[in-house]
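What follows is a single chain, given as structure tokens, in the form predicted alone.
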């Protein structure tokens, strides 16, 4: 009788703990690939590599980072890049999705071709776009460098200097290389955004659109007051993807402009690469990585907050 009671107790405890054992592999993976690197990055940001080993320096890595002139400049470049990248990609993706929703002829072929850039790696896409405007043998270099088309001396995208800033030291207007980088990054991200918005458009009830048309709503009013609010969750997901990718992506900058000309395309993710792997200042790179993570969280929570406010007003 006592053995049966012990066996029942063991089976009961096993059933109660079974969910934990089922999710334990996932917990271990998260601890290895997320929690441990985050903790190690925090520890590394307070250290400095010396010939004799690691030396604790406190917040000096952050102080040195803030004191470097390239840091505020890279923040300005990142702001310009993110604004141009997200606005252009979302707008163009929304317009293309509206066209594809009209069930135009060969729309399936167009969707297939549209998806091709998404499967190309950032580094490869950047290299291809660089070859298009490379002086002397680039496909578009002869057109861009023609003084008759672009006076007075033509345009060399990868070497043209940045115009004088309009607002103090803020890097606007951007250099031609930054504009070209925005176009290349948008081309790379456009398939995902377009297909995501197109899928959301398919869920908009046709009855609602038809009723609004009968009431005399124009095409712009339909888009502004019906279509956009109904697909807002998909737009937010697309915006998340663009912001996170734009903040942390370095492959396109590395292969397309290399941060140049000069430092005119030094976005903050590329600065992290230069400090960490170019200068081997791992403590300072870890400090910058923590700042980038903090900015990512602020952007995400801000977008979620604005989305909730908009949904409460509807």
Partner chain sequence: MKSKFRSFLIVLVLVVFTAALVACSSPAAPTDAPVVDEPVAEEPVAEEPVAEEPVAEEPVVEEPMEVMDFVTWYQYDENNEDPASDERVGNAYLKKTIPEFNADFAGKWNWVNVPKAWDKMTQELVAAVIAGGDVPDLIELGGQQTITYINNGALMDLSDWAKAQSWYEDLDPGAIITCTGPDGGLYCIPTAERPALTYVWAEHYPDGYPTTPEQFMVEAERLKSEGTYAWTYFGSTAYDGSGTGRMVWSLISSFGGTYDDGQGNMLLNTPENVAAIEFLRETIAKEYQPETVFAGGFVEEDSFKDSSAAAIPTGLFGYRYINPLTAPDGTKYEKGNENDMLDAIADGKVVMRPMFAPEGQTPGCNLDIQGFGIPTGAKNVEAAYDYINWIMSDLDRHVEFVIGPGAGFPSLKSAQSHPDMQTPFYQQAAIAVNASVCTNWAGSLERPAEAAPAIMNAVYKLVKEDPSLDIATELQSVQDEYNANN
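Numbering follows the first chain given and starts at 1. Just so you know, these numbers come straight off a predicted model, no measurement behind them.
Although not depicted, the form predicted in complex with its partner chain is the subject of the following passage.
- Note on the interface: of 214-222, 117-125, 160-168, 87-95, the segment with non-hydrogen atoms within 4.5 angstroms of its partner chain in the predicted bound form is 160-168.
- In the predicted bound form, its partner chain lies within 4.5 Å of some heavy atom of residue 68.
- In the predicted bound form, its partner chain lies within 4.5 Å of some heavy atom of residue 263.
- Taking the partner from elsewhere, residue 186 is found to have every heavy atom lying beyond 4.5 Å of its partner chain in the predicted bound form.
- Taking non-hydrogen atoms only, residue 277 approaches its partner chain to within 4.5 angstroms in the predicted bound form.
- Residues of 46-66 lying near its partner chain in the predicted bound form, listed in sequence order, are 49, 50, 51, 52, 53, 54, 64, the criterion being any heavy atom within 4.5 Å.
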